[in-house]
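Next up is one chain by itself, shown in structure tokens, the form predicted alone.
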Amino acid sequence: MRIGLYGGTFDPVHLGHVHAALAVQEALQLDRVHMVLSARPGHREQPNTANVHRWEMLKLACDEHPTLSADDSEIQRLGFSYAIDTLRQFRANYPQGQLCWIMGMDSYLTLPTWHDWQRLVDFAHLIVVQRPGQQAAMDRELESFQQRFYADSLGTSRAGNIVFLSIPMLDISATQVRCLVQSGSSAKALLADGVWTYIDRNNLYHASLPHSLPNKEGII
């Protein structure tokens, strides 16, 4: 079994996220892609939008695609949301499966700031999605790491390779969506219908204040 994991704060999840997940799923013939909500990221600022909102939107986006699953592993786990802990959990659940951690080039370049980042390849392949012709400078530590584990394909191993996929991407960002809504413009074309309806119904992103809710069913 080949399983993809695509982590993010998804604040909000937009069509660019969905397109990337589906494109990697098709390119690598993954059985399923788990869209892992980063509840409390340890290497970046915390999202303003409450987990309960981001989780509901993620479920709505994934419900439209049978190969995508909204995953709350990091919501249910206490403390900061570290990719290495999520991969340990998935490896325990799928000891013989091929696990693939999916990330964009921008995230890949920040890898040395991630917790226990050099051990990620012990549990999964790293799949780096880049725009066709995209070039990026990286520091020496990441470059050395890449040279050790770079591969043209997944092969048959369960983990251990860094594979780059050149895929046309949708030019959408969560920041763009938030700014459009806050300015009173419609971001409907950038989102799944259910996600846009949820944002509108819950009045999200219309102000710069955090959209927080009391704890609900363990979701913070």
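None of these values were measured; they are calculated from a predicted model. All residue numbers are counted from 1 along the displayed sequence.
FYI, the form predicted together with adenosine-5'-triphosphate isn't displayed, but the following is about it.
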property	result
Options 146 to 154, 84 to 92, 71 to 79, 124 to 132; stretch whose heavy atom lies within 4.5 Å of adenosine-5'-triphosphate in the predicted complex	124 to 132
Distance check, Leu180 to adenosine-5'-triphosphate in the predicted complex, heavy atom within 4.5 Å	no
Leu204 within 4.5 Å of adenosine-5'-triphosphate in the predicted complex, heavy atoms	no
adenosine-5'-triphosphate contact in the predicted complex: Ala20, any heavy atom under 4.5 Å	yes
Proximity of Ala192 to adenosine-5'-triphosphate in the predicted complex, heavy atoms at 4.5 Å	no
In the predicted complex, residues of 1 to 36 near adenosine-5'-triphosphate [heavy atom within 4.5 Å]	Tyr6, Gly7, Gly8, Thr9, Phe10, His14, Gly16, His17, Ala20
